[in-house]
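We've got the same protein chain twice here, in two forms, each standing alone as structure tokens: structure 1 and structure 2.
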Structure 1
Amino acid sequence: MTVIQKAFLPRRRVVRAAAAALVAAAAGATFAGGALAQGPDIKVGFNTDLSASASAEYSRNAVLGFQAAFDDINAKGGLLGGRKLVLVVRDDLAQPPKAIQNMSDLIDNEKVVAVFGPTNSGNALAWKHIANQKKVPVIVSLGTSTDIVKPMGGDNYMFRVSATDREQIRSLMTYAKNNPKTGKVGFLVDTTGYGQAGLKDLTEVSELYGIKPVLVEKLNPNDTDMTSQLNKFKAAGVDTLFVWALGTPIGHVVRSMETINYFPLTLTSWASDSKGFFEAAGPKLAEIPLFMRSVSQDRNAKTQELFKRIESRMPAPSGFWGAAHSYDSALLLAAAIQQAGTTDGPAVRAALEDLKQPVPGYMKTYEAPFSKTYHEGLSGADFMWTRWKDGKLGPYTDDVIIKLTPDAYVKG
């Protein structure tokens, strides 16, 4: 058994207990790290799935990132003259109704000044109107659906420090367009909000590139046999398959490829970096998909510092990016609060849109990352080509990638 396999051994019996412990620890944490002046705590919510879906591993890593950032900020004196940052966590169970309920609870009862989250894009899309209506800033450090940060009319309170689906898809579509082996293209997406939002982006971006899929199929995220859909792609002569789904079902897709001996070029969402994907696919078949990722396994000295700090508590080291994104999201929120001189929602939103000082994070140094019309903290330039190899995630390149130039990426 490889090291990575040992790290990914199923722990389903303790997932909910671990999630409950995270919630309890975060809700009651003081994050003290030095003598802070008297003053009301600054509560920030985190509304996400901690126990119900394969994506929960990312959320639990994110809690560690937020806690580490709050520890560091409080140790340096807190914000606004010594006020302490406190994280209040709610588990949305990967269910939109529960996520909406949590959002109202965090804002109306806990009186949080901002919210982080979530993992599941469909949940963010279900409650983003609440944040905008109640003027509470949100920084999404995990969810990737393009529509999450799109304005709904009026001021937009949704921000993000994560890899948007559209930027990932644009890169993958550029690869397919410039690959001489690409002939017929197919789309396979899951039926979750994540998969359906991905299909929208796949459709729109493929039109920009002059690529028309010969077949579009869907899968249920709980299914384990995808041979029916794959046989249709095989019969249609599809040689390049885009798969937009959660990690575990992508694992079952490549398992089903082996069953029917059909191995098209497979370009997927970055959910292929998850523990759920690796467990479902197995070490060898895990090497099939090519995808984008924001954090390399080859960490630099700075990111390695955070990794080592939280390593023993991470449920899935491959999802370290969730902690890094979240740490940086906390720094950006803190910088905005400090610049605004208040926790008032409209003032913090305005500060986020016009940050005056660079914010050195783990992902990068953020120099005015947001504006009135642009709320994405990371762009395609911050992502890297990734593939599994010998049980490890690593950077990937080939002749197609080497020859890609900035002009190859179609805007829109």
Structure 2
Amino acid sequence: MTVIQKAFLPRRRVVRAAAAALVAAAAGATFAGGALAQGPDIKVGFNTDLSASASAEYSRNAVLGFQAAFDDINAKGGLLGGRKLVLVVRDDLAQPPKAIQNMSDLIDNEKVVAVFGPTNSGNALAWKHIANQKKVPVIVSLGTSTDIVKPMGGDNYMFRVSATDREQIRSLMTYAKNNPKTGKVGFLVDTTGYGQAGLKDLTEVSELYGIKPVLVEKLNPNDTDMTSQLNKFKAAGVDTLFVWALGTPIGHVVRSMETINYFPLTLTSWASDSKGFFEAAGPKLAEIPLFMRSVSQDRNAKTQELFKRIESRMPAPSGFWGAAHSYDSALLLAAAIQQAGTTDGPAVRAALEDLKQPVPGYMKTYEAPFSKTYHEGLSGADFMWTRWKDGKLGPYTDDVIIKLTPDAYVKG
């Protein structure tokens, strides 16, 4: 009985699960008796939505990624002289109060040494102060809101291995800056928290690049007709349109583009990789947006191997990135614990900020990914340019992308 299976059992089966767990524990104890002397298990929490919102699918992919990494590390003898890593999963039901309660439970009752963070950025923002106060390192492998890893004064215990909005926007802005056809720029965002946070990042990053939008418009995510907004962009002569919205509204945006026969270069949030977008747009119009995607199984032979390993248990194969980010997060945490020689929170944080050995993960090989002031494990250069083609998501490249060098990305 693994942690994953336990986490997903309906409540009425808890009694049976408990019985099975007892048997498993007894069996484990027998094996442990025969093994070399070792310390107690190292518990790591995962506090996320597993059942309540659409993002639960990504969390469930993440559980598979964490567990795969833990299995691999434990198979090689665990950490700190044979101690096993154990994942303790808590469902936050996408509700901030429940997420805060879980955090206290994980740290005070379960005595976890670190926590993996959620899909819903708002929940991480709701409890990040607890992690910082109790000095428990957190690695967020899913949520993308820029503010999650922002320091709150004092040592910062929040780290991330995911595609942040800001890094996606930085890449798209780099593309716009280096594309001779960019011309006039416009921003179209939805009225959700996601769209509004995106607008803040769009505004700040565009200033870094010296790009000024000629028009900023908003859209209601429940609307199906965006022709009014698009006609304003058209009248303003916008050639390049940034769209920061959830998947389905972006689908309706490209449909409305067809209605008024206006096709600017369209750079969007990675929500364009979703099923909702594709169904709303249809196969032909889905090919309009260019966006960043963190990873897909066909990135290389290694990612294919991980995909095959967990494929049959993944609730949403398009959310494979959740598993890959999470696997890498687990490796980084393990490397830090090993380097620190202890599970003590401040020591692990310090080790994360100064990793001496490269960590070969699925996304890339991490060489000193974090520093005292920089807590993002992935950056725009680690993502893939993506576009739909013939009904499938695929890597995209053109003359502009080929010429982009790391120097083209403006930091800040």
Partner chain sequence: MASAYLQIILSGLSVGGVYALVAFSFSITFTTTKTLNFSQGEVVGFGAFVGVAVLSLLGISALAAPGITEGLGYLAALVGAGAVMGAVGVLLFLLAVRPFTGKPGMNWVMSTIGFGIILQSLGLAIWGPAPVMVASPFGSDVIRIGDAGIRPQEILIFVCVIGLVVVLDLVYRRTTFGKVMRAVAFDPDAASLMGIDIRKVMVLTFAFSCALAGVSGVLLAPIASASLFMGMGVALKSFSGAMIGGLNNPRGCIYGGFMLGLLETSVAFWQAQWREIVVFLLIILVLAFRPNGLFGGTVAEKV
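For numbering, take structure 1's sequence and count from 1. The term rigid core refers to the most C-alpha atoms you can superpose between the two forms while keeping them within 1.5 Å. Model, not experiment: these values are computed from the prediction.
Selected structure - the one that is the form predicted in complex with its partner chain: Between the two, the form predicted in complex with its partner chain is shown as structure 2, not structure 1.
Is Arg313 one of the residues whose C-alpha moves 2 Å or more between structures 1 and 2 after the core fit? Comparing the forms between structures 1 and 2, which are aligned on their rigid core, Arg313 does not shift its C-alpha by 2 Å or more.
Rigid-core frame, C-alpha of Gly77, shift of 2 angstroms or more between structures 1 and 2: The answer is no, as the C-alpha of Gly77 shifts between structures 1 and 2 by less than 2 Å after core alignment.
Could you check, with the core superposed, whether the Cα atom of Leu285 shifts 2 Å or more between structures 1 and 2? Yes: Leu285 shifts by at least 2 Å between structures 1 and 2.
Per-residue CA shift, Asn179 (Å; core superposed between structures 1 and 2): With the cores aligned, its C-alpha sits 7.3 Å away.
By how many angstrom is the CA atom of Ala271 displaced between structures 1 and 2 after fitting on the core? Here the C-alpha difference is 3.2 Å.
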